[in-house]
Ligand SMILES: Cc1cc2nc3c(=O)[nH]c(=O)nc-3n(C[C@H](O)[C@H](O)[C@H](O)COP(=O)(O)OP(=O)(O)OC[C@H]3O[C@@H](n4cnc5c(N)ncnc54)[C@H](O)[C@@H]3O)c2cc1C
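Here we start with a single chain on its own, the form predicted alone, put down as structure tokens.
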Amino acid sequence: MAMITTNKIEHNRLTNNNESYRHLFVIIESLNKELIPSSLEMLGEARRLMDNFNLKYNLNEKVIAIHLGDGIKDLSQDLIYYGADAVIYSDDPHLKYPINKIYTKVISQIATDPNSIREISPEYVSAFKKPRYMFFLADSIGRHLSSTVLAELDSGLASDINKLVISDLEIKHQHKTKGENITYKKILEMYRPDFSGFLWTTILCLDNKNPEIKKEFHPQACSIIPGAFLPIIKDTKRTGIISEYHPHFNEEDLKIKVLKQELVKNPVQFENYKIIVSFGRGIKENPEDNIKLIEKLAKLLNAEIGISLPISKKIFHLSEKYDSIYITPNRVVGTSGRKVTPLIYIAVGISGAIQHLEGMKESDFIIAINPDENSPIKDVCDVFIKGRMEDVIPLIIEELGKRLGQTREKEKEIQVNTYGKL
């Protein structure tokens, strides 16, 4: 009798969980047959999320890495080591370059083909329609690819995410639930700073439960900002399933061809500098003159110059010279730009929006110059200088000039003494 009861419980568990949407698919990027580090960051967060998910819901869903390219088969084992339960790869000369039209077609094929997960999770394959969740990188390739794949899969997309939670939510919505309180299960809460940079925006991809417009939206998907999460430690004892998917191309697919690809280095190499001086909207009183001050300070410190996200939107009128040099996306520090970790980070006229803090808070020593002593950046900096940049920076430049002058004089004395001895 006990044996029969156990079998019934197991049967009911599988029956009740016979959903059409399963697993978390992570779209991997590589370059020159090397995995992009940000892809491993996504895998790490996917691993953490799905471990908690399976424990909470008593399920056995997988982190599945999808990797397209040419000559990339040998990278599959590393994806297992970094957190994937399974890897589905397509290794084909037509996939050597990430042509959006072709990549969209192949990823959509994999995401809607039950046979793609037959070996990975046979218990779920009979009802499988699409992934439950999907992750893409929020880079130049992933932002474009995520939008076209999700359009093909007829679901929603949240862009530039840097925080994720899976939970059950009570939702009351005139359109989605017809004003009724409904519990949505296994919802991916996708967070990003709002446009002010000071508050979190939560984005949800919800089914229409309203009987009049009933419709399901899966996968729940997002593009993830590089640097938002940490990869897990590589574990060479991890095992998983590696499966090859053979895509089918037609003449229409292959109309676009890439003949040559050259890697263009970012002209702003933050990683080569020990000091970064960044400026924000605080330059507003005299934008160009203040940039000249910051430029002079950076030159004295042998520092690179960064900017906050709002500055990149060209909110101030500047001459062509300063606009082209400094008002570029390459210099943005933050979740919508780049994460930096210099020895010294100087924030000039930056109030401290969440979006910016996430990109620079791991700097060894942080100095902020701001007239508002209640600005959020005060809570993360080591030294806070209350004052207008127009007043503070000239004093710093003057003092630096004196000290550098003294240092040069001492160097000359040493050289004279050395030559005298010779």
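Please read all numbers here as calculations on a predicted model, not as lab measurements. Note that residue numbering begins at 1 and tracks the sequence as displayed.
What comes next is about the form predicted together with the ligand, which is not displayed.
Highlighted residues R192, L309 and I369: every one comes within 4.5 Å of the ligand in the predicted bound form, counting any heavy atom.
Checked against the ligand in the predicted bound form, the residues G240, G282, G227, P342 give one hit for a heavy atom within 4.5 Å, which is G282. Interface residue among S336, S121, S116, S90, judged by heavy atoms within 4.5 Å of the ligand in the predicted bound form: S336. Among residues of the shown chain, C381 is not one whose heavy atoms approach the ligand to within 4.5 Å in the predicted bound form. Not displayed here, the ligand is approached by M389 to within 4.5 Å at the level of heavy atoms in the predicted bound form. In the predicted bound form, the ligand sits within 4.5 Å of a heavy atom of Q355. In the predicted bound form, at least one heavy atom of G349 sits within 4.5 Å of the ligand. Across the options 274 to 282, 317 to 325, 204 to 212, 78 to 86, residues that bring heavy atoms within 4.5 Å of the ligand in the predicted bound form belong to 274 to 282.
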